[in-house]
Each structure stands twice: as structure tokens, then as C-alpha cells.
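Take a look at this single chain in C-alpha cells; it is the form predicted on its own.
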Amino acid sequence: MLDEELKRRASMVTDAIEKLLPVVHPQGLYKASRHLVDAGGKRLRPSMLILAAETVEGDQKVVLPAAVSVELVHNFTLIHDDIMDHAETRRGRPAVHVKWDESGAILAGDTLYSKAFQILASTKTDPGCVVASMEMMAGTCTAICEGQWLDMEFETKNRVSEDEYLEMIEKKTGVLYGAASWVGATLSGAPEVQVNGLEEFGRLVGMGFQIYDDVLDLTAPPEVLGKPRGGDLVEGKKTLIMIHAMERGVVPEVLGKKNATTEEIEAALSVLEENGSIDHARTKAAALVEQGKRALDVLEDSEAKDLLLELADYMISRRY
């Protein structure tokens, strides 16, 4: 049921993108901007926004521009992340900077960023709620940049604490899920206690999503990931898994070794599994999701609330 409901809302968002972000002159700029957006993705963030609105009896059609805004912000961050990480592919397609060079990719990302706010401003509801939502999204974009900066700093630090890592993923990943839920509820005129409960839900579940993403990078089969597994390991990323291992004196030789062989990576994964580091990350992700689900106690029971709870569980049980 969840899969069908998510696909239905994702389809709504895709149709709205066609209307709200058409390919106009200069076509090259808008084709580059739409490159990743049109590649699909699960549309989890905009779907969460729509579901949050539904839990407080909001109108799907009213919040659709906001859902598009959230999706465009997400894709803007992906374009810039790929430039910084020198990633070659994304969603089975060449990365934007590979197809249009770095200058084109920067402009494409900037276009998505500015269009996100223009589209959000077009929401047909109480102007005060629209302004508040724009303020929330602006603060969220700043937090995402802070999180990305922290992630970059971690690469040059010998040791990163678990608390530092949690702050980083809260800003880099959690806040956009939290903002999506907050905006969906705010534009629907929900009372503050419900708005805040939904924001907490989204933020914590988003953090669990990120930790589980790190787990999948090491455990999912390459054919499911669409890339060789262990990418975070060879890139030297200080994930929760690595932080746990390093605190116990376990430092895989392939950490930061970009030319590591498949055999070396698989051996390192076995060590991390035996050390309990991967299970530690799974447990932390589950705890954050459970805490987030409890934040929805401020809502009346409804089908939309049930779907949000199912979505939370999906975040830490998906295969990719």
C-alpha cells in the first residue's frame, strides 16, 4: 500500500514540475536544471510534505507548489554535491557537470535554488503562512550548506565524535525532511503543536534515513546500489560506522584508498561487520526513527498519519 501511495504522490509532483518548471529559453540551462529532476528518484521529501498536509486536513493541490519547491532544493544540492565529490553518475545518468561542465552545473543548481523560492511564493494560501514557509526553507538551505561544510571538514580530521556526526547529518539531511513536514502543515493552517511535531518527525526520520544510507553503501549488492559498494570507505568518509570502528581501534586499511580492490573492500566490510560497527549504525537509525514516530502522537489518527508511520519504517528497511 505504501509503495502505491508514494508513487501516486510522486506522480503528482512530477506533473506539477512539468507545469511549474518548463524548459524555456535558454533551453540548455533548463535542460541541465531538469536533468536530474527528470531522472526520477523516489520523491520522498515532497511526498512527506503532501502527507504532512493531509494529516492536518490540508489540500494536496494547495501544497503542490511547496512540494515541488522541496524537490528542487533537494536536486540543487545533488548537483552541487556531485561537483564537489567529482561524481561521474547520478540516478543512472551522467552527472550534470559531466554533461554540461562545472560552470553549466553550477548555473543549473543555482537555477533550481532560485526557482524553488519563486514557486513556493506562488502557493495560493494565507500569505503569512507562505512567508513563514519561505523563511523556513531559507534557513534550511543555510543549514544544508553548514552540514556539507562539516562533512568536508571531517575528511581532514583524524577523529570525529558521534555527536559531531549526528549534528552533520541533522543539517545535511534531516533538516530538509523536517522542513518538508513543517511547510506542509504550516501551509495547511495547522496549530503550532502539530507543526512542530511533524517537523521533529521529519528531521529525526531524515537522520535515520542518512545513517541507513551509510549502511546500504557497505551492505547492499552492487547491482542494487548501481555502483560498487564501499564508496564511502574508499572516499575516507567519517560515517557513524567508521566512527564506531575507530573508537574501538579498528581502522580498515582501505579507508581513503581510492584505488582499493574489490577484495580489499570486501575484507574491510567483514571486519566492520564482526566489530559490530554496522549493527551499531542500524540500531541508531532505528532509534531515531522510533523517536520521530512518537512525535506524531500530537496528531489525530488518520490514513495519512498511518502512511507517514509506514514511510518512517521504510526509511530503514529499503534496499537502496
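For every residue, the number given is its place in the sequence shown, counted from 1. Since we're looking at a predicted model, the values are computed, not measured.
The following text describes the form predicted together with another copy of the chain, which does not appear among the structures shown.
Asker: Counting only heavy atoms and a 4.5 Å cut-off, does another copy of the chain in the model of the complex sit next to every one of 165, 215 and 262?
Answerer: No: no residue has a heavy atom within 4.5 Å of the partner.
Asker: Within 4.5 Å, heavy atoms only, which of 102, 235, 247, 88 is in contact with another copy of the chain in the model of the complex?
Answerer: Residue within 4.5 Å of the partner: 102.
Asker: Only one of these stretches, 67 to 75, 143 to 151, 174 to 182, 196 to 204, has heavy atoms within 4.5 Å of another copy of the chain in the model of the complex; which one is it?
Answerer: It is the stretch 143 to 151.
Asker: Even though the partner isn't displayed, in the model of the complex is residue 219 close enough to another copy of the chain, meaning a heavy atom within 4.5 Å?
Answerer: Residue 219 lies outside the contact set for another copy of the chain.
Asker: Does another copy of the chain come within 4.5 Å of any heavy atom of residue 110 in the model of the complex?
Answerer: It does: once another copy of the chain is placed as it appears in the model of the complex, residue 110 has a heavy atom within 4.5 Å of it.
Asker: With heavy atoms only and a cut-off of 4.5 Å, decide whether residue 229 touches another copy of the chain in the model of the complex.
Answerer: So residue 229 does not count as contacting another copy of the chain.
Asker: I'd like to know whether residue 131 contacts another copy of the chain in the model of the complex, with contact meaning heavy atoms within 4.5 angstroms.
Answerer: It does: once another copy of the chain is placed as it appears in the model of the complex, residue 131 has a heavy atom within 4.5 Å of it.
Asker: Just give me the residues of 10 to 37, first to last, that have a heavy atom within 4.5 Å of another copy of the chain in the model of the complex.
Answerer: Going through 10 to 37 in order - heavy atoms within 4.5 Å of another copy of the chain in the model of the complex - the hits are 25, 26, 28, 29, 30, 32.
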